[in-house]
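Just the one chain here, laid out as structure tokens, in the form predicted on its own.
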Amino acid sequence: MRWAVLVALTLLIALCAMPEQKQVAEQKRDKVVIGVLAPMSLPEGTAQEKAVKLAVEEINAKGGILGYKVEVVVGDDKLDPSVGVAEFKRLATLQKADVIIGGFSSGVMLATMEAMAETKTLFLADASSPSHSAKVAENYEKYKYWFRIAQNNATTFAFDIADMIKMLRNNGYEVKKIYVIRDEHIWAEDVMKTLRPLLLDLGVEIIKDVQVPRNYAEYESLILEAEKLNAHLIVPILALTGTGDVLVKQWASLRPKILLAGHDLAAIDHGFFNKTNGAANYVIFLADGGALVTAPITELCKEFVEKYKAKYGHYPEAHQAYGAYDAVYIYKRVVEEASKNGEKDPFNAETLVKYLERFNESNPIILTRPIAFTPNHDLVWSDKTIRNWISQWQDGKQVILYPEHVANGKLKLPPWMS
């Protein structure tokens, strides 16, 4: 009898506990966590953090994602692969980030992709080396959680430099010899691998290819050498040196009869003209990621730059801000679509990959820029989606010169070259 009473009590306790256990399961998630991982000593990193926080603030004001409040957690990779890996794992495991946004250095990105694969965390990334998307192509199941969202891969910079040369020729400026100044880094070598055969087809000779380390500042001798060798263009392929402003100042001071035209990451930033004290006038550059403060191509982009300025007191300090802002909203979109379609866990990274892949060339998502992914999770490079607009600094403003359907200005040559 006593045994029967004990069994009955046990069953009663179990039955009473069941609703509570179910409730605990339902309340397992109480928020959405978005991680930001980038070099926070650089504007490329701080711009990503600020843009993500702005987007999250807007989303939380409208009820969050599926009713959950969104929280931002931040890691600093310090441009160090080992630090990047440790910080990625911390954000993914200890901070329980549902998605991580950011990056910058291609070398650090290669390392953090391993942490991404290990933790199976969605990674909406900024870095330009084609070696990242190559990993997706070679081992899809392992690396499918990675998507490039801030800018096209570095191969496309070569396409745009070739188009830049064609545009200059069409405007009466002959280009037969170029002098290249580039980062001593994997991403710049990736550009050159694609650029060399394109230049050969155009009949353009690379008369010198100079690699420079981070913080390099002795550009004067290189400019003088380019002039001595009768170069028609000095083509920077720079990002990590951090001294694009020094190159521009020395070019404007020496006034060689050579255009400065290429890929200098620093020139994209809205404050670059003032940083160079106006020396940036007439510099031609590629606007990575297809967005500029003075030439926004979507309505959301126009709104974003003004909201960014209202919140932080200045326009985005680096183009990575556009990709980071877009990343938050594209994540929100795919989670909501997954939920609408009845997915068991709409926050599951495995589930969300297939929803992100639906944004392809024939079905882009329009945010600050039209975003579409290739099968290996690169951004689609095209006139209708994202490409690196061929642009020029003119009288303190950035104008797009090419392609024609987004151009808002015409080529101007420096007065000392007239």
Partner chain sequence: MIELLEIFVFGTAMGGIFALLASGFSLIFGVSRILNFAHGVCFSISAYLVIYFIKEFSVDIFSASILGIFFAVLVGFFVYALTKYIRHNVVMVIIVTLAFALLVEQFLLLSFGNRGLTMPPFVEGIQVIYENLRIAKVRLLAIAIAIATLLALEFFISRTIIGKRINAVSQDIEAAKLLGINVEKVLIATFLISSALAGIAGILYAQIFNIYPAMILRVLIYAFAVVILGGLGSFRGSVVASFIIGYIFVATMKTLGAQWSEFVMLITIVAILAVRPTGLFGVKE
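None of these values were measured; they are calculated from a predicted model. Residue numbers count along the first chain shown, from 1.
Keep in mind the form predicted together with the partner chain is missing from the figure; the text below concerns it.
Novice: Three residues, 221, 224 and 227; all within 4.5 Å of the partner chain in the predicted complex via heavy atoms?
Specialist: The answer is yes; 221, 224 and 227 each reach the partner chain.
Novice: Look up in the predicted complex whether residue 215 has a non-hydrogen atom within 4.5 angstroms of the partner chain, and give yes or no.
Specialist: Because a heavy atom of residue 215 falls inside 4.5 Å of the partner chain in the predicted complex, the answer is yes.
Novice: Would residue 42 show up as a contact with the partner chain in the predicted complex if we use heavy atoms at 4.5 Å?
Specialist: Residue 42 belongs to the contact set for the partner chain.
Novice: Please determine whether residue 348 contacts the partner chain in the predicted complex, using a 4.5 Å cut-off between heavy atoms.
Specialist: Residue 348 lies outside the contact set for the partner chain.
Novice: Indicate whether residue 246 is a 4.5 Å heavy atom neighbour of the partner chain in the predicted complex.
Specialist: Residue-level check for residue 246: yes, a contact with the partner chain.
Novice: Consider the chain as shown here, without its partner, and state which of 198, 73, 207, 79 has a heavy atom within 4.5 Å of the partner chain in the predicted complex.
Specialist: In short, 79.
Novice: Let me know the one among 192, 202, 254, 134 whose heavy atoms come within 4.5 Å of the partner chain in the predicted complex, would you?
Specialist: The residue from 192, 202, 254, 134 that makes the contact is 254.
Novice: Determine which one of 207 to 215, 297 to 305, 162 to 170, 331 to 339 lies within 4.5 Å of the partner chain in the predicted complex, judging by heavy atom distances; exactly one does.
Specialist: It is 207 to 215 that comes within 4.5 Å of the partner.
Novice: Even though the chain is shown alone, can you say which residues of 269 to 305 have a heavy atom within 4.5 Å of the partner chain in the predicted complex?
Specialist: Sequence-ordered list has one entry, 275.
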